[in-house]
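Read the single chain below, which is given as C-alpha cells and is the form predicted on its own.
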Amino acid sequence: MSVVIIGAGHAGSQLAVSLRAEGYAGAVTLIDAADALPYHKPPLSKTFLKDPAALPQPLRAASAYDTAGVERRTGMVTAIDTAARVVMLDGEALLYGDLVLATGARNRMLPDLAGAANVHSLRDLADAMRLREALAQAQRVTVIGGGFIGLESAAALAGIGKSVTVLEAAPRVLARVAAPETSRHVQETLTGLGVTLRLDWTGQGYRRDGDRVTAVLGATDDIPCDLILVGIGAVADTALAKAAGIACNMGILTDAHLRTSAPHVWAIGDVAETPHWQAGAALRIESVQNATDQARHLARLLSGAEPTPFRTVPWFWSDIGPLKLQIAGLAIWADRRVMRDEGARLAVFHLAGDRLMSVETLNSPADHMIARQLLESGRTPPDAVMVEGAAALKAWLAQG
C-alpha cells in the first residue's frame, strides 16, 4: 500500500501530511520538480516583490514531513504507466498503489512575447526571483492583464515607486470574476496608488531593441517600458496525464470523488476538473482553498473513510494594495445582484432568481464569513436583510 503524489504545491503538500493525520499506514512519496520546501504562493505577487530580502514562506517545516513519514523526492516525472502502476522519475521506476496528480497549472504567454529578455510571468518561486532581480534595473513596468495576479503585482510595484501601467482588453478590470461595482472600487484604488489603467486596450504589436521589448504599441499611442509582466491566466498542466491516456478537458477530468479515468489515479488542485454541486457541471477551480480542501477530502478517502462526493463552498481572496477582495461561492447562472456600498467597504450579493449564489466583498471579512455560512446552508435571506449588514445576516441565519 503506497501513495505517490506528483506535485508539491498547496494540494500535494496538504495531502501528504493529511494522509498521516487520517491514519494512512502505507508509504507516502511527495515528488516536487523544485528543490525547495513547498511554499505559499500568494505572497509572491505582493510582499516578495516589494522586499528584496524577503524569503519564501514554507507551507510547513521540513520536520513536518519527516514526522509524518513522508518521503520528499526532487525531480521530473517523465511518464506514467497506469497498467503497471509505475511512474518514471528521472529514469527511475517508482511503483505506486495509488497515484495523485497535483501538477497544478502553468501561465499563459502571448506568443509574440515569448523569449523576450525583459518579459516575465509570475507563477512560482523561480518566476518571482527572476522578476524581483529584473525589477532592480527597471522603472517603467507594463502589466498585461487586469486579473488577480496582474493587479496584485501592479499595486505592489507602485508601492515601491515603479511607474506602472496596466493594459486590459476588457472595459473594466476583473471583468470575468467580479461585479462592475467591485471593479470600480478596485480601479479607483489603483489609480490613487499611481497605477495607470488602460482599459479597452487593443494592441498593435511591440517595438524591440535586440531581445528586449521597449514599447507596447497601441491604436493611438505607444507605452514605453523597461519590463513587461504578463498576467493573462493559466492552463492546467495536463501533459503527463494526457500522455498516459487519462481523460482530460480543460483539466484532468475526475468524478465527484476525485477519481480520474484510470484506476488508482486521482487528481486534485488547480489541475483537476471536477463536478461541482453548485454549478451542476465539471469545473476547474484555481484557489488555495479548493486545493487544500480537495487534499483533505482525498486523504480521508485513501485512508478508508466511507466514500462521499467532494462538496465545499469555494472561496477566494486577493489583496490588491489596501483592498482585501473576498469571494464566496460561484456567480454562475446569477441574473441579479444586491449591493451594499459603504465607501470603505462593499458587499455584492449575486442571485439566480431567489437563490443566493455568490457574495463578493471588499474590506468586509464579517460579510465574507457569514456569506460562506449562508451558502453552505443553502438559505437565501431577503434582499432587505442583505443590505442591512453582517450583523443582520447573522441574526437572520440564527433564526433557523
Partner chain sequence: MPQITFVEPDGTRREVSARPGESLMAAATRANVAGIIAECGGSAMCATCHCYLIDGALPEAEALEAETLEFVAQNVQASSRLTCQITVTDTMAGIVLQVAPR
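Residue numbers count along the first chain shown, from 1. Just so it is clear, the model here is predicted, and its values are computed rather than measured.
One more form of this protein exists, namely the form predicted in complex with the partner chain; it is left out here, but the text below deals with it.
None of Thr312, Thr165, Ser303, Thr292 but one reaches within 4.5 angstroms of the partner chain in the predicted complex through a heavy atom, and that residue is Thr292.
In summary, among the residues Pro52, Pro58, Gly69, Gly26, the only one with a non-hydrogen atom within 4.5 Å of the partner chain in the predicted complex is Pro58. In summary, the region of this chain contacting the partner chain in the predicted complex, judged by heavy atoms within 4.5 Å and restricted to 348 to 356, 362 to 370, 26 to 34, 331 to 339, corresponds to 362 to 370.
Remark: Lys324 counts among the residues lining the partner chain in the predicted complex, judged by a heavy atom distance of 4.5 Å or less. Contact check for Arg198: no non-hydrogen atom falls within 4.5 Å of the partner chain in the predicted complex. The partner chain in the predicted complex is approached by Trp317, whose closest heavy atom lies within 4.5 angstroms of it. The partner chain is not drawn, but in the predicted complex it has a heavy atom within 4.5 Å of Ala64. With contact defined as any non-hydrogen atom lying within 4.5 angstroms of the partner chain in the predicted complex, the contacting residues in 377 to 400 are Ala390, Ala391, Lys394, given in sequence order.
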